[in-house]
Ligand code: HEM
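First comes one chain, alone, set out as structure tokens in the form predicted on its own.
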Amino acid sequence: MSRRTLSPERPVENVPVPETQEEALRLERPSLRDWTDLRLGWWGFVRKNLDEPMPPGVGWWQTLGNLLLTLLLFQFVTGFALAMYYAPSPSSAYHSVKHLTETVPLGSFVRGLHMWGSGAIVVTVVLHILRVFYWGSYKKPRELTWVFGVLIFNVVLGFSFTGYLLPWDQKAYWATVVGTRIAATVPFVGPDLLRLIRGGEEVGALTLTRFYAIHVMLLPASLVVLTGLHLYLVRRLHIAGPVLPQKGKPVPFFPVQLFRDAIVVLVGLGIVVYLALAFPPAIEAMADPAGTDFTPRPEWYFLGLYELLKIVPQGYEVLATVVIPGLISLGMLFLPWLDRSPSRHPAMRASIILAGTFVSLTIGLMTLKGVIETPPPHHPPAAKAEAPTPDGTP
């Protein structure tokens, strides 16, 4: 039962009329939940997501998206904590990271969470992309969902590349020198592109400043926008079911699938926490542009490209730095339109499946080769003490 009232803010409104004293008291003195729900509608939003229908056959593989989202939020939190102690200049960046790692309480642990979390995100997003690829979940009407996912993957790699330089130690410096040289191989505009990225001819103060600005401003803003669009499309179009439709009615997201998501998120975060505690992040000697005793190596998720560059004949480096990566990126981006098969079944998409498997195995093997051949961490020899004089003074 309700009555219609008029007000300047809202001309017509249905106002519930209490039928019992308990209902009247509830309307006059609402609980915190009722008060916030009346103004934000949060409970309806939560219920809508908890009741989202899941196709029969949806299981553990569909938990990777929520794990990835959780890890990204984790990176924002730990990254904010690290930024409060970081000074982005060549004269102070190394010392600020060293102070954070060795002096600040829990500093090494938080930095370890951020470092291992970065690797966990790369692994998770690759597994998520492979699952969508083999299940054919990028097909109509989810083409744009896939496109935004590929763009998120590239933003994640951008985070990894720009964040690697920030400690300003030997490993970070020389890896960035090698990585930015790739830009110089781009035909016609290579030298200009290299100077734009570095801020000059060499990796220096402007390089560090630009990488830091991209890492903490441009990439986070891009990630928020792309993730928002991706999640909107996932909610609007729902999750694609298994390749072979299974019998049964759709089941709500809560409680079964939510339980699976919670288990995978807890295990994923637990692994990151364990790695941060068991293998705390190290820091090499301070970056020395004149040093010649350091072997530059990129981080593991770029080792495949690094190994490819090593086997390409001299004079054809552009194949390994521009042509092949560019074709793979474009192939991923336009995959929903390149795959003309109306079926999601792998057997009906043999050419696409074989091409994707070949590329994935090649990248995986090249990365494994790079990991195996990576030299141990470099530690410069300590300076030898001078021999004491006959009178005992050094």
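Sequential numbering from 1, following the sequence displayed. Just so we're clear, the structure is a prediction, and the values are computed from it rather than from any experiment.
What follows is about the form predicted in complex with this ligand, which we do not show.
For the options 305, 129, 82, 93, the residue carrying a heavy atom within 4.5 angstroms of this ligand in the model of the complex is 129. Among the residues 145, 207, 162, 101, the one placing a heavy atom within 4.5 Å of this ligand in the model of the complex is 145. Using a 4.5 angstroms threshold between heavy atoms, residue 150 counts as touching this ligand in the model of the complex. This ligand in the model of the complex is approached by residue 65, whose closest heavy atom lies within 4.5 angstroms of it.
When contacts are judged by a 4.5 Å heavy atom cut-off, residue 334 does not count as touching this ligand in the model of the complex. When this ligand is considered in the model of the complex, residue 359 lies well away from it, no heavy atom lying within 4.5 Å.
Just one listed stretch, out of 85 to 93, 230 to 238, 276 to 284, 164 to 172, contacts this ligand in the model of the complex at the 4.5 Å heavy atom level, and that stretch is 230 to 238.
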